[in-house]
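Just one chain is shown here, as structure tokens, and it is the form predicted alone.
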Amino acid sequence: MAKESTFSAIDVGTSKICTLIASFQEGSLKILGAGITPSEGIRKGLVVNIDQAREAIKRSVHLAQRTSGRSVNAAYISVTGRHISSVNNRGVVAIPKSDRMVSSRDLKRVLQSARSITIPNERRLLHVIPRSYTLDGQTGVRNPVGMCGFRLDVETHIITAAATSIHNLVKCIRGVGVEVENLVLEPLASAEAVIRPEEKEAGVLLVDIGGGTTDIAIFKEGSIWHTSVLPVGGYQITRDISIGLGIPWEMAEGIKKRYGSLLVKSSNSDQQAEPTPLAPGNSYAGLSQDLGDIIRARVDEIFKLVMLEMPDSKYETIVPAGMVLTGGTANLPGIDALAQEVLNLPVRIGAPQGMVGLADDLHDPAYASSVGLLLWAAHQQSDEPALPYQPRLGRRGLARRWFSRLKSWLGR
């Protein structure tokens, strides 16, 4: 019988904190516990108030522990924000003369060669992801281990983050008694949950519009090709509604979730728009048209900013599989049609699927990165990504990790 593995993930977002505890066995993800609470102290993916952020994370973790009956000692954590940057870089090594056969040690050496780029002191390495290998001029090699050759090249995608932003986030997580198992860039996590293998192979654009950021990732030939983060999201849509209609932010958020839509209304419709109360004591007003115009203007701008982030003006040839739209803002009715109109690409809404257990609320685009963190953790167990960011552990963290690994080893 296959051994069951249990993972924890904390998705720290601008609008919500989502802590998930799940087991993974024989390809099935079972949600054991979930803690979803409003976010505080986080803005555009960055910690702006450590005390508030720590308390919000603490509430989320405690709720997940209570629903699952299990403790969260270490977790995979999502990272986003405008401070994220990425670059593609090559590495090359010679294969030893003994047998000319590529080994796993050679893979580590060539990845170390690729990561030998100058990284400023104020930045930290987050991911070094191999895109493809070349062996003696033979390109497109996916896994060269066991193959024979003289020279091994690798093309990698290197992602870095601001050291202060990472430090503040890690401090909040450790402040609630949870060690950081690993940090994962949000669009990479979201892709695990909503991108199909055939889309990754053909070329696909992932756009995750969250509360404070829009995360972008391009996949081509089965691997990551480009990543970036825009500091705009659902928060800006709510702010526009608040300013445009002259109502408080909280009321604007409620109106957006209940009445917000990008569906085109019939011009010859004689029906009145559904009346919406502005505030207690105020008269009702039909706001359907004004609300739709405000939302459409901001979402249209977000998609045009996505176009500007594309590394090639002829992006249609890079991502023939089109766009997968996810994140909480993807729940706006008609947003896929607007995206297709602006980018001239086929568009579909991506939501996590295939989960069992306490997963009723998680089959939603808003939880793509949360579920994706668990899948990333499960895949790392079987096929560890190359050189992920490893935060320094204190004595307590080292002891917890040592005992965790000892328990795992004894349970085999």
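Position 1 is the first residue in the sequence shown; the rest follow in order. Being a predicted model, the structure only gives us computed values, none of them experimental.
Although not depicted, the form predicted in complex with a small molecule is the subject of the following passage.
Only one segment in the set 143-151, 119-127, 164-172, 250-258 has residues whose heavy atoms sit within 4.5 Å of the small molecule in the predicted bound form; it is 250-258.
For a residue to qualify, one of its non-hydrogen atoms must sit within 4.5 Å of the small molecule in the predicted bound form; none of S8, S60 and N182 qualifies. In the predicted bound form, the small molecule lies farther than 4.5 Å from every heavy atom of W225. When contacts are judged by a 4.5 Å heavy atom cut-off, G350 does not count as touching the small molecule in the predicted bound form.
Heavy atoms of T329 reach within 4.5 Å of the small molecule in the predicted bound form, making it an interface residue. Interface residue remark: G210 is counted as part of the site for the small molecule in the predicted bound form, having a heavy atom within 4.5 Å.
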